[in-house]
Every structure is written in structure tokens, then in C-alpha cells.
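So this first bit is one chain, no partners, the form predicted alone, shown in C-alpha cells.
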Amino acid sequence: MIKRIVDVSEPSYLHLAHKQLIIEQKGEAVGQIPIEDLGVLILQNPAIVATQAALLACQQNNVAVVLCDQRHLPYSVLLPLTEANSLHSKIIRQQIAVNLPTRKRLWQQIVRQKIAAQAIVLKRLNKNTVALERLAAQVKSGDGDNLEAQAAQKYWRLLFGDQFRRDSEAAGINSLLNYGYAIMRALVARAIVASGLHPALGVNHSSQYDGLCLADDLMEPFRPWIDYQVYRLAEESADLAIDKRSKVALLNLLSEPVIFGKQTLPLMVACHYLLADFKRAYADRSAKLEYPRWTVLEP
């Protein structure tokens, strides 16, 4: 079943009634949705009030609740940890026991997938892909040569020009990239928790201040999808901001049809299959991570 993404950006009162999330504004109900149909709930207004029952029901139904800051950028994600998976503690013990060679092997595959996805974006936009395709083929276990960073330097110049700089605080293109990445991160974190894995135990990211290290690892190959969408938005208008138009374009990515194996699925569903493969790759050295392919980027 395709889960719904609900973005609440106006002052609202959210409460639960008969297993439905009720959204009230100015004393009147303006929205109603079964909790079990929700996948992601985005709250981005300081005047939003939600009852504990509504938030708990979201957690019991594996809904990722995203809280945004004053810049309208996602700042925090609420995820269920106690009952998201019946084998949660067993899987976490296995996750902790994963050795360094396995983590380095998995990171190699993730970086290869990311650079290959960047090359696909450039190809779709009729830009030079030779350098990135070469780097993708050269990534070694653990990416000790940091080809991910080398690819990024070339990629940003090719995509947005020599003057573009990634800046998490800047407006315009950067603000939309930050918004898109944060939403994608929440989606991946939701799939991680549903699989029984703990999102803080990454294969490469390991900051003690980061509670979503594994999500930061696994979302890397999805970042170019956001880049492509922001590029298209920039083509349509130079006056970029996190507004209704840009949010709709970026949020729609989460339910876009993607190709996973021989199936065409919504991205939100395909992420669960990706996590199942990822768990198998912990134990099976021959297993290869295959990421979903976005149909929009297919030749």
C-alpha cells in the first residue's frame, strides 16, 4: 500500500479520533486521514499543537514525524524504536557485531552507487559524465582514496557551474537541496527502523552526535535524485525558495515510481526492499546492494 505524505505548514491542532488524524485550523476540521495510511508527517509551523495520543498513534504505525525549524528545514525526526520490529534487539546485536571489512565493503558499494547516480543525473541533463563514470569504477573497499569527495567536486561544477558552493546555511539552490536531503533522510530512517536496524549504527558515518548515522550512509545514492529535481526547479525560476511549489516537487519524490529489480514500486515501498537486501549483505559477502532506479532518470 502506498503511504501518504502529509505536510502541515499552517497553525493547526492535530488530534486523534477513531484512528484518524484530525487536522483542525481556526476551529474547523480541514483534514482527516487514517493513521495507518500515513507514511511521513511533516510539521513546520511553531503554532502547531499535537496531542500525545496523535503522536503515539503515529509511532505505533511507523509514521516518520518530521519537525521543521524556523527556516522551514527539517530539524528532527520522531521514529518508533520499541515495537517497529519483533526481532529488534536480536538484529541490533547482529548489527553491532558487524566487522570492519564488512562495513568497508558495504561503504564501497554505497559510494559506487552514489557516484554512478551522479553520472546518470549529468547524462540526463546532457552534461559530461566521463570523469564520474571513471571514478565510480575505481572505488575500493572503504573508499580510502575518498573518491566520493573527488567526484563531488567535479559533479557540483558540472551540475550548477563553477560559482556554485554547497552551503547548509545558504538560500536558493542550497536551501532546497537541504530540504530535499532532510526529507529523504527521514524516509530512509523510517525504513531502517521498520527493518529492526538501529539508525545510529552506521557503516561509515560514526559521529557521536549523529543519531541517524546509518540513514546518512544509505541515503547517499538518493542525494542525486534531489539534485536533479532542484536543478529542474532552478530552470523554471531563478527565485528559489521553500514554498508550496518546491515542496510539492520534492515531496512527490517519496512516492515516485522506481524500478527495483524487475518491479516498479513507489520509492517508499522500494526502500523497505533495499533494507532487506542490506541486512542480508551483512552476512553474505557475495551480496551486492542494488538501489532503486528512478524512472525519470532512465534513458
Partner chain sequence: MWVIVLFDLPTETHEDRKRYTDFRGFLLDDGYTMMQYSVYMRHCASDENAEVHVKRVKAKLPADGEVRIVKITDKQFGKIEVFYGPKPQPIERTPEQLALF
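Residue numbers count along the first chain shown, from 1. Here the structure is a predicted model, which means the values were calculated and not measured.
The protein also exists as the form predicted in complex with its partner chain; that form is not presented, and the subsequent description refers to it.
Notebook entry, point to check: Okay, which stretch from 63-71, 30-38, 232-240, 50-58 lines its partner chain in the predicted complex, with non-hydrogen atoms inside 4.5 Å?
Noted result: Flagged stretch: 30-38.
Check: Quick one: is Asn252 in contact with its partner chain in the predicted complex, heavy atoms, 4.5 Å cut-off?
Finding: Contact check for Asn252: yes, within 4.5 Å of its partner chain in the predicted complex.
Checklist line | its partner chain contact in the predicted complex: Leu43, any heavy atom under 4.5 Å | finding: Although its partner chain is absent here, Leu43 would stay clear of it in the predicted complex, with no heavy atoms inside 4.5 Å.
Margin query: If we define contact as a non-hydrogen atom of the residue within 4.5 angstroms of the partner, is Ala281 a contact of its partner chain in the predicted complex?
Written below: No.
Next item on the list: Report whether the minimum heavy atom distance between Leu275 and its partner chain in the predicted complex is within 4.5 Å.
Entry: No.
Next item on the list: Let me know which residues along 17-32 have a heavy atom within 4.5 Å of its partner chain in the predicted complex, or say none if there are none.
Entry: Counting only heavy atoms within 4.5 Å of its partner chain in the predicted complex, the contacting residues of 17-32 are His18, Lys19, Gln20, Ile23, Gln25, Val30, Gly31, Gln32.
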